[in-house]
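One chain comes next, on its own, written as structure tokens: the form predicted alone.
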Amino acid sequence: MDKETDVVIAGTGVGGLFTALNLPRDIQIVMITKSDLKSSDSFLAQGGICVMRDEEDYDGYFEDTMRAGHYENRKESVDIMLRGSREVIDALVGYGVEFARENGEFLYTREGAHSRPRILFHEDITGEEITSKLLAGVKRCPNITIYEYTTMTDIIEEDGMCRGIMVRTKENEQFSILAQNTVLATGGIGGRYQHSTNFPHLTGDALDIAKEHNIRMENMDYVQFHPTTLYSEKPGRRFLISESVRGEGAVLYNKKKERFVNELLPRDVVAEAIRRQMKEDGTDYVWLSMEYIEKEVILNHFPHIYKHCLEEGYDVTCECIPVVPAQHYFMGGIWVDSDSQTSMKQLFAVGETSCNGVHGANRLASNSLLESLVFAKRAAEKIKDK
């Protein structure tokens, strides 16, 4: 059952999907996903997607990204992401993505470590809105074939080049997919942690494979913990309370209901402050209060957070909720250049699987979707040029 194609893409999150959509329609593309099509972390992104609002915003946005990343960011990559942001947003709108508007103009929200509002959003399910529209676009392409419940088990290396991948189906059938170019877009590493906002099947498969083939890696110890996930004693994935909630005015309290941190500091700083406070209080969580946010804003901007918390027994419009940090995002990964090429010929990596240096040591809020999309498009353009 071995197959041959022009391009094979492992992963169907925004990175994989946008790569496929930016490739020519006259080449054959095969995409695989380890689970079902909706079980990618791209679907889970709540807060939004950043965009450089205008040229005057460049310096501020650049500095915000660098400061959050502890100035360990690759400056060239940050510049590429910022300057490619508006084009990506225009493309998303072209695929039917609906961002919040007022009087026909985009609404922008603000999140932690941003010096101004520059984040576009769709309620509190921006990732689902973007990913579902891109997925619909891929499904309309007759040259793209998708295999669900298919796991990449290895890459095929010949003479220092990648010639495709080996896969295994849920029926335990194994076969190869030979391709002229291969794109790794397998997501993050949350499945390796007890407490994570990621889907549990995302275990960094591509990283283990890359290591076996001596492909260059970078910043493997750079793991981000999101400060605010809904505390629960139940096993499984933790429910994210978007940073946009704090951007709109939510505050953090200790067990005495006293504020203890500036909620708009970078994620790593806030997460560490919460960890210290829990240790000091002898608790397993701190409190998040939305008392300073108008009820109408909560219901319109954060309807799914409101509904989920209500199902868990908390009415965020009138009471605090318990929150705790959880593993959220991986800033390291497979090293790639500015065109998303890895150190192995004919092999590309995009999204959380890759490390192009944009995020440095700590990702700025809502830069993940944008980074994935900008560099997925660059991967596609490089493949087209070959």
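Given the structure is predicted, the values throughout are model-derived calculations rather than measurements. Numbering starts at 1 and follows the sequence shown.
There is another form of this protein, the form predicted together with a small molecule, and it is not shown here; the text below is about that form.
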Exercise for review: Spell out, yes or no, whether the shortest heavy atom distance between L44 and the small molecule in the model of the complex is within 4.5 Å.
Suggested key: yes
*asked:* Please tell me whether any heavy atom belonging to A185 falls inside 4.5 Å of a heavy atom of the small molecule, as the geometry stands in the model of the complex.
replied: yes
Within 4.5 Å, heavy atoms only: does Q341 come near the small molecule in the model of the complex?
no
Mark H201 yes when one of its heavy atoms lies within 4.5 Å of a heavy atom of the small molecule in the model of the complex, and no otherwise.
yes
query = Taking T65, S77 and G333 as a possible spot, do all three reach the small molecule in the model of the complex with a heavy atom inside 4.5 Å?
reply = no
Here the chain appears without its partner; judged in the model of the complex, the stretch of 100-108, 282-290, 246-254, 192-200 with heavy atoms within 4.5 Å of the small molecule is 192-200
Residue within 4.5 Å of the small molecule in the model of the complex by heavy atom, from M152, L230, I298, I146, is M152
